[in-house]
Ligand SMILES: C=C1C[C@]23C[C@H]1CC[C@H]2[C@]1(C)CCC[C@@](C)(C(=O)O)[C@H]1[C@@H]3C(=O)O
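Just the one chain here, the form predicted on its own, laid out as structure tokens.
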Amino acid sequence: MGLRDENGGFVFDSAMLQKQANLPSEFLWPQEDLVEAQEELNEPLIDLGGFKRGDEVETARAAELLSKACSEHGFFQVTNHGIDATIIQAAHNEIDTFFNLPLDKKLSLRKKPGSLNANGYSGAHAHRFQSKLPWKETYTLLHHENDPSNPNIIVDYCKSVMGEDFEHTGWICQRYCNALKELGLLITELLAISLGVDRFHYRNFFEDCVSMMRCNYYPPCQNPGLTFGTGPHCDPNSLTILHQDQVGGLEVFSNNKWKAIRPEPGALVVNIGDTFMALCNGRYKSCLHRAMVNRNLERKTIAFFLSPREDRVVRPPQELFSREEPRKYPDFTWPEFWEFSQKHYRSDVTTIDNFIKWKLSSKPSGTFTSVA
């Protein structure tokens, strides 16, 4: 049995749960979902060094690798990305600081059930779901680097909500997000080149983006074959840039098989989300992926999510649709899709299609045409 709070909600006390021989029923997943990966994805390892130097041959090579990967499954890894290893290590140290806090402190920072505010702690996403819970804890921080009214939004949040003692945590996470945002913008340039559109089209679109940092902690699990660290899902945002430790556990569903992504020292994993799939008119894929748990080892990752500013209209550039290749998605905004994805039971391969059906059914007929 797991702990319950004063409202009867499930409390993820990993220290207590790891001592139990049997997994609480809230964490059990159907056996057909738990098929193990038998091979690796072999996603490309893209060296960004030549692209950053302006080397045309290396840029063309990187764009070719990216295009092939994103057309098939939407995952690749990048090296020579320019993120200082000391910043990454400092951010991981702050993960340790936070997830080692007493349980009552973490619970005081929980996300509220039904809230669309991304900030806060979650134990097994119990604020959203009651079954098929993920075996993990998360802490999410919203990042608006270009908000002139609050350039240090993470620092202010950590001080005001977590306490003055967490100002240092705030500065570390702010620096990490600022650096990852710049990398994200650089990757959007390479994506544009690979798609044959203006190099700065997506960079300009995301310059004043909404982004957030999610710290993930996956404790050891005595029954790893019965549950997931994160269940199968697609990311609703535009781009995800993930730093994972060397434990491994990330898997992608490609060609009707689950395939593992091997951690590469110094590399960052990048994947396409649903919103960018709409921004490129479906040419690049947002792919189902999941995180496994380990019987003996804890696993920690930091995910950085890039999304459009709230009032930006998600629409592919003109070059990517025509009468021969009509538009696949109507115009929408990120807040519309974010709200839908949070109220939908799971973010999976059907989420964006279900969102489009919902959006079209709630608008007057004729507001979306599938041709140029």
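In this text, all values refer to a predicted model and were calculated from it rather than measured experimentally. One rule holds for the numbers: they count along the sequence shown, beginning at 1.
Just so it is clear, the following notes concern the form predicted together with this ligand, a form of the same protein that is not shown.
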Answer with yes or no whether residue 338 is in contact with this ligand in the predicted complex, where contact means some heavy atom within 4.5 Å.
-> yes
State yes or no: in the predicted complex, is some non-hydrogen atom of residue 305 no more than 4.5 angstroms from a non-hydrogen atom of this ligand?
-> yes
How about residue 201: is it within 4.5 Å of this ligand in the predicted complex, going by heavy atoms?
-> no
Interface membership of residue 81, this ligand in the predicted complex, 4.5 Å heavy atom rule | no
What stretch, of 330-338, 38-46, 55-63, 317-325, brings heavy atoms to within 4.5 Å of this ligand in the predicted complex?
-> 330-338
Name the single residue among 144, 125, 92, 110 that comes within 4.5 Å of this ligand in the predicted complex, judging by heavy atoms.
-> 125
In this chain shown alone, the residue from 179, 186, 212, 101 with a heavy atom within 4.5 Å of this ligand in the predicted complex is 212
May I ask whether 10, 14 and 120 each come within 4.5 Å of this ligand in the predicted complex, counting any non-hydrogen atom?
-> no
